[in-house]
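Next up, structure tokens for two forms of one chain, structure 1 and then structure 2.
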Structure 1
Amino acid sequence: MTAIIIEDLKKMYKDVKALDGLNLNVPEGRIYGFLGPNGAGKSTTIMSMLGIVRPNSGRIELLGKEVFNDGFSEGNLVKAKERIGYMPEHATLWDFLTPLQTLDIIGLAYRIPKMERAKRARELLEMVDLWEDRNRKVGKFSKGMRQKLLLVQALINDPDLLILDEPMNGLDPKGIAEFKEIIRRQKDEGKTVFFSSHILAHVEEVCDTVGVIVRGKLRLEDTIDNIKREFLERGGYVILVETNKPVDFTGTGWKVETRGENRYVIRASSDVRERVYDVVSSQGAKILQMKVRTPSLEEIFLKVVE
């Protein structure tokens, strides 16, 4: 089953095309990284899925329910949102409430029974190390503590689809590691995570599939491994080699740079590692280390955006 289907979604803000025929497909059980430069349409996409922004046309299906088809189906939207958790990038928490009160109110909105709300709230607050602060006013919380509370309020209904918009802003390294582990745990439990972030290293570490939106259109969508493989095949291979003695690569047709003693950087249009081994062996040398330098997600993102 597919968790999110978006077809030919369009949204205009006066003369600006925020979404220009966007198509998106997120299978269940994936951690999907949604990437794009500022103004690309990421927030408009999320707001459209949640029914906060009304697109001009197109179709949206969430968790098997068609929630928009050139107009919102309010009944289907409500049913879908009962199974969705959302952590917004910019949110106003009730500063005069405590974490326990905050989660109780949100749990009540989901019609979760009182005893279950209390049990769920304790589990979640302990998970993010906020249990000791459960009766402290949220207005006294640091930015990182507020981010943790925003995350657990999105989990209070044990959602099948978790939508996270820039979730790791303001977190210290320990908090970031905790968030990554929580996100991975959702996938292990069969949940789907739709994860928007501008910190590409975080996306690369936790997501198995990414989509890149530029000017309201999806420019790239695939698993990270497939994307890297495709960019290697298109842009050429960079192979790092270290040998036990000097090797002459003249006549191979490769671009070769010498980096230090018996260390070489080989650039070729294809994966020539087997031929490298043959050339080195034919000269009585041994390979001590050989690896392909794969492009980072950040390098790929910049090329797609350009």
Structure 2
Amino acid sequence: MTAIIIEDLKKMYKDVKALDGLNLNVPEGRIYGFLGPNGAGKSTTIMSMLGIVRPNSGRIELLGKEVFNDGFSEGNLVKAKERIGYMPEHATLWDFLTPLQTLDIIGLAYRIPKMERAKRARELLEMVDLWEDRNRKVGKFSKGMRQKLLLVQALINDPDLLILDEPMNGLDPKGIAEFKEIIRRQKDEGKTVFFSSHILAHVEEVCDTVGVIVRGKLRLEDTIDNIKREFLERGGYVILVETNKPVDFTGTGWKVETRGENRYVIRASSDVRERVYDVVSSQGAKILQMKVRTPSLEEIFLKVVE
């Protein structure tokens, strides 16, 4: 089964085009990173899936249930949401409740029995180090603490699909480590995680698939390995060489830049290290240093977004 299918989704806010025929496909069991520059429509997409924002047209299927087809099916949406956990972008919980009360009332929304709610709340609060603060008002919490509570409230129903909007915002390194651990655990249990983020280093570490949205349209959607391979094949392969005397690379077909004395940056579409060695030694020079630079997701992202 596919966890999320979005087809030709369109959304206008008055005169702002936020989604412009978005298509998305998230197979079950994936950790999917949803990337895009500010204002690209990430939050709009996520809120449309949950019915918080009303799209104009298109189709959305969540966990095999058609929740939107040019209009919401409230029944299917409620059924799908039973198995979804959602963490919003902004830290927004009821200030007048404590973490324990918050998790209790949220558990009630899923009709989890009282005893089980209490047990689950304890597990979750301990998991993110909030058990000590269980009886303090959320209104008095720091941003990071709220963020942690927001994350665990999304887990109260042990969701099959976890949807997170910028989950790592405001977390300290320990919080980020806890977060990654939670994501990994979801993956091990075969659950799907869909999350938007700006911190690409983290996305690269946790996700297996990414989608890049630019101005309301999906620009790229693939596994990280495939994306990197393709990027390299399009001339993204970079080799840094330092030699003991000048070398002439004309005629090789590579893009070569000179960086300082006898230092070269070579761009090619495949791993050409052996040929670099041949060219250098054929001119009677010696290689002092040679490095291959693998592109970061960040670099690819910036190229795609341009």
Ligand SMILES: Nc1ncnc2c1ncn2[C@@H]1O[C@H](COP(=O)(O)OP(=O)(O)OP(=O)(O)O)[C@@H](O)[C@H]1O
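Definition used throughout: the rigid core is the maximal C-alpha set that superposes within 1.5 Å between two forms. Just so we're on the same page, residue numbers count up from 1 along structure 1's sequence. Only a predicted model underlies this, so the values are computations on that prediction, with no experimental measurement involved.
Structure 2, not structure 1, is the form predicted in complex with the ligand.
Superposed on the core, the two forms differ at residue 283: its CA moves 2 Å or more between structure 1 and structure 2. Comparing the forms between structure 1 and structure 2 on their rigid core, the Cα displacement of residue 57 stays under 2 Å. At residue 259, the distance the Cα travels between structure 1 and structure 2 is 9.1 Å after the core is superposed. With both forms fitted on their core, the C-alpha atom of residue 269 sits 3.0 Å from where it sits in the other form; this compares the forms between structure 1 and structure 2.
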